[in-house]
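For reference, the chain that follows is the form predicted on its own, supplied as structure tokens.
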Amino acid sequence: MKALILVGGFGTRLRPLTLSFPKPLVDFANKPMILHQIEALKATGVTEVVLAISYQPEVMLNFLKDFESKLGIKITCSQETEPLGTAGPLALARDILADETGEPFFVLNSDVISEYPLKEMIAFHKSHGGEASMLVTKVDEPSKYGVVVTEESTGKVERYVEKPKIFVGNKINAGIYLLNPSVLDRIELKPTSIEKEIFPKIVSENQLYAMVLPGYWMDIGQPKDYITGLRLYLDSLRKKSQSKLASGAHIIGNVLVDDSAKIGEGCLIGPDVAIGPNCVIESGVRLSRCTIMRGVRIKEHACISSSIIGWHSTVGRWARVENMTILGQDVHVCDEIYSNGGVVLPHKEIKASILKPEIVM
């Protein structure tokens, strides 16, 4: 079986992190976002993953070559010379996706995290016999998304409405599809939206079915949703494999700590924290609802909440970092500095407090 991951553009919503790495290689819960998806696909029996990419393909491929051999899965890039939307990349990769087996293939949006119930999705796809299956999830605020109206008993999609102005339902497109190769015959090699142009045609022929996603779902393409996504991911990890989470007197709630990280005396860590490889957390530090990426040093008595600390950065003694502060790679926050929602580009030294949310160039 094969799969295509829509990697796409520049990751502007996750800057300054994406100034250092393409978005799919930004760490989420201590490993690159895209690796969560590739591992789930491998576990389902997928043997080849195609990355549809328009930005820095060589960086992606060089990085993922290591994982090819570790995971035993073939990873190739299909490079767009112009942005092709969400359907055009399928036409570009047609020769790889449509092989002699005639098997359906997965398509995933690279920003989406969930429990990836891909085996259940294959069974669902076989059971309804339609041309295409999609996962849907229920949300409180559907107007930002593509809303899917289904027949309750079968899951057959009756209507697909992209970003509706009035309420039509609360099930939204979760960005994970299983498609028969015949869908490729509907797509031309030009900029095309699978949501706005291809799915409505398939719906009109009663060939699109939707399965409600069990468990959590999040599009982690922007910082606030990334932090929420981490909470949902760690909640799910506690239910599935609690032994991977940290425990001890200094831990509150769900915390993920890489084995190589060092944590000092008298710290209080959690809830909803990920601490990456080779981090040093000095004594008396307080961390909550945050991600501390590879190689970061947090000095004594610093306090960090609801923030993302990029690779190899340093936060000084008694500093306070909060309210969706995002530090890019190699940022140095001096002692006793306060950051209230600062978004700091890579390789900066912060010597004065950031009192209101702003970008520090």
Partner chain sequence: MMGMMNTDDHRAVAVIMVGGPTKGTRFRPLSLNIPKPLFPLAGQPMVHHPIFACKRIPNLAQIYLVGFYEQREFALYVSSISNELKVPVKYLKEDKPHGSAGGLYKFRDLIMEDNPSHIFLLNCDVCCSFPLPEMLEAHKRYGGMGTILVIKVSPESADQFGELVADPNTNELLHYTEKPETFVSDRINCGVYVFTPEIFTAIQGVSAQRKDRGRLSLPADFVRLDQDILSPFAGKKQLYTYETMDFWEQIKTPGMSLKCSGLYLSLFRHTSPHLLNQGDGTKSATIIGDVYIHPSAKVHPTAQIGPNVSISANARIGAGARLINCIILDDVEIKENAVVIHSIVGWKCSIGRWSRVQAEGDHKAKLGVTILGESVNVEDEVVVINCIVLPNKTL
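Residue numbers count along the first chain shown, from 1. Since the structure is predicted, the reported quantities are computational estimates derived from the model, not experimental observations.
Not on display, but discussed next: the form predicted together with the partner chain.
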### Task
From the candidate stretches 203-211, 103-111, 174-182, 261-269, select the single one in contact with the partner chain in the predicted bound form, where contact means a heavy atom within 4.5 Å.
261-269
### Message
Each of 317, 336 and 355 having a non-hydrogen atom within 4.5 Å of the partner chain in the predicted bound form: is that the case here?
### Response
yes
### Message
With the partner left out here, check for me: in the predicted bound form, does some heavy atom of residue 61 sit within 4.5 Å of the partner chain?
### Response
no
### Message
My question is simply whether residue 284 lines the interface with the partner chain in the predicted bound form - judged by any non-hydrogen atom within 4.5 Å.
### Response
yes
### Query
At the 4.5 Å heavy atom threshold, is residue 38 in contact with the partner chain in the predicted bound form?
no
### Query
Hey, in the predicted bound form, does residue 42 get a heavy atom within 4.5 angstroms of the partner chain?
no
### Query
Among 31, 294, 332, 301, which has any heavy atom within 4.5 Å of the partner chain in the predicted bound form?
301
